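Here's a solo chain for you in structure tokens, the form predicted alone.
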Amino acid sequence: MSGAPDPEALARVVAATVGDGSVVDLRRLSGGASRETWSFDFVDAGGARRGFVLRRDPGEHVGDSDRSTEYQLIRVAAAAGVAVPRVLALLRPEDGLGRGFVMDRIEGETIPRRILRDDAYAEARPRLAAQCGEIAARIHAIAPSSLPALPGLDAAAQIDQYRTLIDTFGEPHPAFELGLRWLAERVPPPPARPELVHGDFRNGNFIVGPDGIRAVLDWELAHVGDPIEDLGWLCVKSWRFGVADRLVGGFGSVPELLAAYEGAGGRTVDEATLRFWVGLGTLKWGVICIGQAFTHLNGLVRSVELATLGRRVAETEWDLLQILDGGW
């Protein structure tokens, strides 16, 4: 599916649930190759406006999950009390809009630079680490039996996966090789029961208002595994966006995060386990940056953004070496 969605077809999808109306102010929010996000307003027969978002695959699906899986996950998460947008409708083939779903548009900010620096979020920032802990605990408490089919991905499998990826690039990265060895020697015991892992739980995937986190977005990397992966990923230095001394997303501390997580029902987390997952997350992001650069250099997708991500590989190598030396 390419090009902008047909507003009339989109209006029919929404009207099936909320009544007749028309779509206005349709605009693209993201330009990624793996999925599209479109914002629009729906004006009903009485003139009232309501904001929605369309998430869809741009073509034949290639990736970790398609939008139907993400739609089901968000519904399950909402039922468990997780802060997520309400999903309205899953697209059908006869809608002529591709594969995706429509959900409510939650007003707020997702750009980390603004969340971490703008005065509008000054009162929210001290609350964010604890809110992350509470939300993560709710996600991890969701019964696996209620989930759609998801891949299982434990720590050992991810180490093997990223070792293979590094080998395919055909260029030396000694810091990552050291990191792989360090990680392989410290794989934590697997949880007694694999749990839902969001997979991209970090600053940048939260909608934040002056009151704090309003919704968690981007569930396409969800899998079952060790839930502490989400907490480690949240603490990766790249997701602090320049506020390096606040280890949790650039806005809070590890004790704040873990106290809220354990207080909301999450399991007790020791420092060695969290450090392992921060290390693995740092390595993963570095390898992803290499892949993004190769996507640009090979001409698959010519993009200044992808080329710039390639320049960040050295940052993640340095961050990983700091972790190996006992830092964060």
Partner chain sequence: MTQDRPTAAELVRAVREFLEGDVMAATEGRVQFHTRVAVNALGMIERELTVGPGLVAAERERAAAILGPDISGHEDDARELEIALAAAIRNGSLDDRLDAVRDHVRATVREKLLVANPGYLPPDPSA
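Numbering follows the first chain given and starts at 1. Computed from a predicted model, the values in this text were never measured in an experiment.
Not on display, but discussed next: the form predicted in complex with its partner chain.
> Just to confirm, with a 4.5 Å cut-off on non-hydrogen atoms, which of Ala184, Ala120, Ala157, Leu178 contacts its partner chain in the predicted bound form?
Selected option: Leu178.
> Among Pro174, Gly152, Pro93, Pro189, which has at least one heavy atom within 4.5 Å of its partner chain in the predicted bound form?
Looking at Pro174, Gly152, Pro93, Pro189 one by one, just Pro174 meets the 4.5 Å heavy-atom criterion.
> Honest question, do Arg28, Arg311 and Leu321 all end up within 4.5 Å of its partner chain in the predicted bound form by heavy atom distance?
Result yes, every residue of the spot touches its partner chain.
> Answer yes if any heavy atom of His140 is within 4.5 Å of a heavy atom of its partner chain in the predicted bound form; otherwise answer no.
No, no contact at 4.5 Å.
> Should Asp325 be classed as touching its partner chain in the predicted bound form when contacts are defined as heavy atoms within 4.5 Å?
Close contact exists here: in the predicted bound form, Asp325 approaches its partner chain to within 4.5 Å, heavy atoms only.
> If you check in the predicted bound form, is Asp167 within 4.5 Å of its partner chain, heavy atoms only?
Flag for Asp167 set to yes.
> Quick one: does Arg202 come within 4.5 Å of its partner chain in the predicted bound form, counting heavy atoms only?
Judged by the heavy-atom cut-off of 4.5 Å, Arg202 is well away from its partner chain in the predicted bound form.
> Of 236 to 254, which residues get within 4.5 Å of its partner chain in the predicted bound form if you count heavy atoms?
The stretch touches the partner through Lys237 alone.
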